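Below you will find one chain, with nothing else, as structure tokens; this is the form predicted alone, and questions on how it binds or moves follow later.
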């Protein structure tokens, strides 16, 4: 007998993000309404209080990011959701979360830009902004959703990675994924793995909030729990106090990057569809990966050995995964709803003689299976 959670349900992508966040233990949300992400705020305003959490509509996205940082420092799993213009506004506080190593999740439901752009149309124009939007040579984790079930499972993964590595995690959705409705069967609570941050095992007088360890991820005590904190956006020593000592600065910066590098095998995720014997492949992500899957199936029906590498982790860029696909295939098609932001990354890691073919659409319309199939047939 299946539990209620395991019965098929009809969900919108934004709704699935909400359910994934709740399942992962999110108990605080601060945000500001914006198309096409508003359903996340609307549903969480109802569901969070029912789960014992808190929902706050802030005056803008700058304040929203600040609020989730504060809630996370107090020990609560926290999230905000926005779209392009709001994503621009959170960047300064996102940098603060990076340097202070504050776990939190940021959902960006991408729409056409720049500026107000195309509020109701899909885009993938914020990919490089997700990686480099806040200044400084900072590490970040960026995940992309393609389906309603992805929205649920990837949101859980985002919270788990954020808590484990003490880092902000960005989820990139888009207008098509956000508003697509699908019948999905969600896993039951007993099937969901939830990771929480590691609390200090030492008494308060011994605690150093940024002390290095073999994981490279300092234990994290909640503010108000009796442990001393000093949180700053300045580069700091292991006690949290600002430093300009070159050795301490270097060690701090390298630890920020090394903790992510150590987790590459866990962080870098992709899906391979019909790649076993593929001679030509599509490298895609987000809603475009859905079109790519259909194109690959139609190419196979025509006798073409095509495959799909769907990128779930966009950053840190899964270099080895992509390199393996490129070494296998003579041609790789990279379709994107931008001018080629991931295609540049694919070309950068290409060490074989694979021909990279990009296909870009920037008119606010989804790339269709037919557009991708045209390349698979012609190459």
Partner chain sequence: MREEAEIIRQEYLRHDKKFPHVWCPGCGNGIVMGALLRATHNLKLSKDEIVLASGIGCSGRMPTYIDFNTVHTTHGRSLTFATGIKLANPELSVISVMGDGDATAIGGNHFIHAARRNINITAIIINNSTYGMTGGQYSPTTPYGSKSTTSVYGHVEHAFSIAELAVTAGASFVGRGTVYHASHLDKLIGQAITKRGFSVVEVISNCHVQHGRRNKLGGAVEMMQSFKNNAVTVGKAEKMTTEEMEDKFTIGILADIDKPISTEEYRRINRQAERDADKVVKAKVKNGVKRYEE
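Residue numbers count along the first chain shown, from 1. Bear in mind that the values here come from a model prediction, so they are computed numbers and not experimental data.
Beyond the structure shown, there is the form predicted in complex with the partner chain, which is absent from this document and is the topic of what follows.
Proximity to the partner chain in the predicted bound form (heavy atom, within 4.5 Å), stretch among 72-80, 190-198, 151-159, 256-264: Result for this chain: 72-80.
Honest question, do 132, 300 and 345 all end up within 4.5 Å of the partner chain in the predicted bound form by heavy atom distance? No residue of the spot touches the partner chain in the predicted bound form.
Does any part of residue 67 reach within 4.5 Å of the partner chain in the predicted bound form? Heavy atoms only, please. Yes, residue 67 sits close enough to the partner chain in the predicted bound form that at least one of its heavy atoms falls within 4.5 Å.
Wondering, does residue 232 line up within 4.5 Å of the partner chain in the predicted bound form on heavy atoms? Heavy-atom contact with the partner chain at 4.5 Å: present for residue 232.
May I ask you to check whether residue 336 falls inside a 4.5 Å heavy atom distance of the partner chain in the predicted bound form? Flag for residue 336 set to no.
Taking the shortest heavy atom distance, is residue 269 within 4.5 Å of the partner chain in the predicted bound form? It does not: once the partner chain is placed as it appears in the predicted bound form, residue 269 has no heavy atom within 4.5 Å of it.
Name the single residue among 331, 349, 321, 63 that comes within 4.5 Å of the partner chain in the predicted bound form, judging by heavy atoms. In short, 63.
Could you pull out the residues of 217-247 that have any heavy atom within 4.5 Å of the partner chain in the predicted bound form? In sequence order, 223, 224, 226, 227, 228, 229, 230, 231, 232, 233, 234, 241, 242 come within 4.5 Å of the partner.
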